[in-house]
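A single chain comes next, written as structure tokens; it is the form predicted alone.
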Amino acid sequence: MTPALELSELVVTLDGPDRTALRALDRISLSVAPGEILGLVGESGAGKSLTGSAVSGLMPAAARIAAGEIRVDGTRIDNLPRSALRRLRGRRIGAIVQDALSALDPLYSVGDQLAETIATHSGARSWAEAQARAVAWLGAVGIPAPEINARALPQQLSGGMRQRVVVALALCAGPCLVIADEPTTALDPSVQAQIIDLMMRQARRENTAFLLITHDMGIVAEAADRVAVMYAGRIVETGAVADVLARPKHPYTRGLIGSIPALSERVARLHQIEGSMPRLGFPSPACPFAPRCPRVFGRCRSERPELMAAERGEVACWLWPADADAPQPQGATADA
């Protein structure tokens, strides 16, 4: 089966001072199958959103694809001209963004914006048909009284309703791939659950692939089939969600999972990963997580691990596969 999305050794650089090229994404390789939800997780600054914007062709002006390939439904797109990319967005690639108000045009009703997308990308035979389908989509994403709210301007709707409109815009043309970048940020829990449920139903019923970009392992646990963990512009672990949650291999992944509060117990303070990610422009031959890792040992400080096949997944860590035999810091255990 042809992947809906395939990244091969993708390298993205950012323009730095004195015209230096700072490597922001370092040889990213991943794939998303039709009907699959892949969670892409990591802290702010890990490169998650930049990965998504590279796929959609909406990178910042200072960013460049320096190497690698991006394929959507088997077609290479990273070398396409901007006009061809614009035709793909909406038709083959949908996008759910976290700031719905900035994504919607304040001068046009939400119904007209949906109808315009449908008319442009989905082959509606008339404007009346496009408007009718727009109303149907507003109802499908859970907006009450869709015939009335279709006439509303974005700023006249609540934040949760605007986010539903953005979801409808991403899905209405039937794309094979949707980039969902923090789609539930700043929404109340009930609306979050509804947005996640809608994405899962779309994946199952329409075979739509989702790249779900988030910092929240809890959302990944609820919605995703597989997960890819990013750190400092690199993938450090991949695997089925159930496997990664039950037995995370990379210490960074363990830290992310450890930060999820358990409903069954009360704690005074949540776990946190000490320190911060390395800055761009200061490459090191060492593992980039070594300064923050509670299980660091000699090889970590001198040699960077590559992503390697591991039990039911991949990991970039010298603790694997001889995890139990690797040197441990004082007081640490193999399950730390």
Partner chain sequence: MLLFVVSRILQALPVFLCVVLVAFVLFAFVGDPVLIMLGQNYTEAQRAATAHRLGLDQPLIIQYCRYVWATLHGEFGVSYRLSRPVAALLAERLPATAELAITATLLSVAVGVPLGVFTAVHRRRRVAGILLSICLVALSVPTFLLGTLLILVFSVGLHWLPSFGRGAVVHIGWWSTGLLTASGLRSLVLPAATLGLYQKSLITRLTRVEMLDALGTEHIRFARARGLPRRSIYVTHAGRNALVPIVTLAALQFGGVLAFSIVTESVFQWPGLGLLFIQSLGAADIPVLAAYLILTAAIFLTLNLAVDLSSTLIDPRLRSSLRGFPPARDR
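Bear in mind that the values here come from a model prediction, so they are computed numbers and not experimental data. Residue numbers count along the first chain shown, from 1.
One more form of this protein exists, namely the form predicted in complex with the partner chain; it is left out here, but the text below deals with it.
Please determine whether Pro81 contacts the partner chain in the predicted bound form, using a 4.5 Å cut-off between heavy atoms. No.
Is Asn207 a contact residue for the partner chain in the predicted bound form, using a 4.5 Å heavy atom cut-off? Close contact is absent here: in the predicted bound form, Asn207 is far from the partner chain, nothing within 4.5 Å, heavy atoms only.
How about Ala152: is it within 4.5 Å of the partner chain in the predicted bound form, going by heavy atoms? Result yes; Ala152 sits at the interface with the partner chain in the predicted bound form.
How about Lys249 - does it come within 4.5 Å of the partner chain in the predicted bound form, if we only consider non-hydrogen atoms? No, Lys249 sits far enough from the partner chain in the predicted bound form that none of its heavy atoms falls within 4.5 Å.
Looking at 227-235, 210-218, 141-149, 68-76, which one sits within 4.5 Å of the partner chain in the predicted bound form if you count heavy atoms only? This holds for exactly one stretch, 141-149.
Select from the listed residues Gln113, Gln202, Gln131, Thr184 the one whose heavy atoms reach within 4.5 Å of the partner chain in the predicted bound form. The residue from Gln113, Gln202, Gln131, Thr184 that makes the contact is Gln113.
Which residue, Ile196, Leu157, Leu177, Val241, has a heavy atom that falls within 4.5 Å of the partner chain in the predicted bound form? Spelling it out, the residue with a heavy atom inside the cut-off is Leu157.
Would you say all of Glu222, Arg254 and Ala310 touch the partner chain in the predicted bound form, counting a heavy atom within 4.5 Å as a touch? No, the whole trio is out of contact, none within 4.5 Å by any heavy atom.
Judged by heavy atom distances of 4.5 Å or less, which residues of 83-119 approach the partner chain in the predicted bound form? Result: Arg86, Arg89, Gly90, Ile93, Ala95, Val97, Ser102, Ala103, Leu104, Asp105, Pro106, Leu107, Tyr108, Gln113, Glu116, Thr117.
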